[in-house]
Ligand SMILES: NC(=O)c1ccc[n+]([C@@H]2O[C@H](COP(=O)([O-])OP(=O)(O)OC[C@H]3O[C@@H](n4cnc5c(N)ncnc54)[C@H](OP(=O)(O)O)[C@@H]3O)[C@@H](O)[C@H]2O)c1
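Presented as structure tokens, the chain that follows is alone, the form predicted alone.
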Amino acid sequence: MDASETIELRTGRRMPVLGLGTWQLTRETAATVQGAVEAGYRMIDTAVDYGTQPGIGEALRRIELDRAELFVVTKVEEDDQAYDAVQRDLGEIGLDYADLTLIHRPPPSGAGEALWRELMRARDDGLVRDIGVSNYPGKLLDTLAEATGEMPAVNQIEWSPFGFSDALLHHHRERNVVIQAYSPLMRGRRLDDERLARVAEKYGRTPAQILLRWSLQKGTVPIPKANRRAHYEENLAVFDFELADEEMSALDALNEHYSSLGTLPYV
């Protein structure tokens, strides 16, 4: 198993099981993304407010790889006209289509049914292959599906052993919604936890690798940010070992609904 392995979405299409996050990756974005893809990453996650889309586009133009081998995730903002925003993002990156486009966060007024219908139209017009949401609690996913007749394929949320929800995981599994885990390394803020260090020492791995392996074994899709070669290569080296049930339980016990952003919207 490696970063080119895929997980099936509810639509029947497939998504890589690990990706590269690009939030705040504004220094040498093109070189970093190019290096990551050459190292083995096949999924790149971005959004217009990250400021990384032009650099990602430059990197993809440099890479000698078929478009079908890459999986690009974009987002529309809660105050966007979603169909126009999809076209804007494709123009910034220089793509004919996105593999997955998400509503970045729920609008203040509710579930974002109008945004979702516009994403459905963009999908039907071939601008997007799959559509989903980000930062949504389970209740709002259900509201969206009830109003429009279509459940999102993906929900991208902050997710780590220190902050997660088994109830939400169960909810999504019942509805065949894949969780994409952003900030799976908590922006480095808990990597020195002694309990995590003990598991890492037992397996001869880094704390970051243990966190990513936990996420993979939970059935979620981590998208860690990395802007140095040593880090993105470290993050790729998580497919040649497996955590035992004992360690998975120990990591689950770390849960304190911690968020590096301040709050988990699904708790």
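Owing to the predicted nature of the structure, the values given are computational and were not obtained by experimental measurement. The first residue of the sequence shown is number 1, and the count goes up from there.
Below, we turn to the form predicted together with the named molecule, even though it does not appear here.
Taken together, K75, S134 and M186 are fully in contact with the named molecule in the predicted bound form: each brings a heavy atom within 4.5 Å. When the named molecule is considered in the predicted bound form, only one residue from Y182, F162, F71, W116 comes within 4.5 Å through any heavy atom, namely Y182. This chain lacks the partner; the member of A208, M43, A59, L216 within 4.5 angstroms of the named molecule in the predicted bound form by a non-hydrogen atom is A208. Though the partner is left out of this view, Y203 does not reach within 4.5 Å of the named molecule in the predicted bound form, counting heavy atoms only. In the predicted bound form, at least one heavy atom of E234 sits within 4.5 Å of the named molecule. Residue contact check for R67: none of its heavy atoms lie within 4.5 Å of the named molecule in the predicted bound form. Although the partner is absent here, V238 lies well away from the named molecule in the predicted bound form, with no heavy atom inside 4.5 Å. Between 162-170, 186-194, 92-100, 144-152, the stretch whose residues reach within 4.5 angstroms of the named molecule in the predicted bound form through a non-hydrogen atom is 186-194. Residues of 223-261 placing a heavy atom within 4.5 Å of the named molecule in the predicted bound form, in sequence order: I223, P224, K225, A226, N227, R228, H231, E234, N235.
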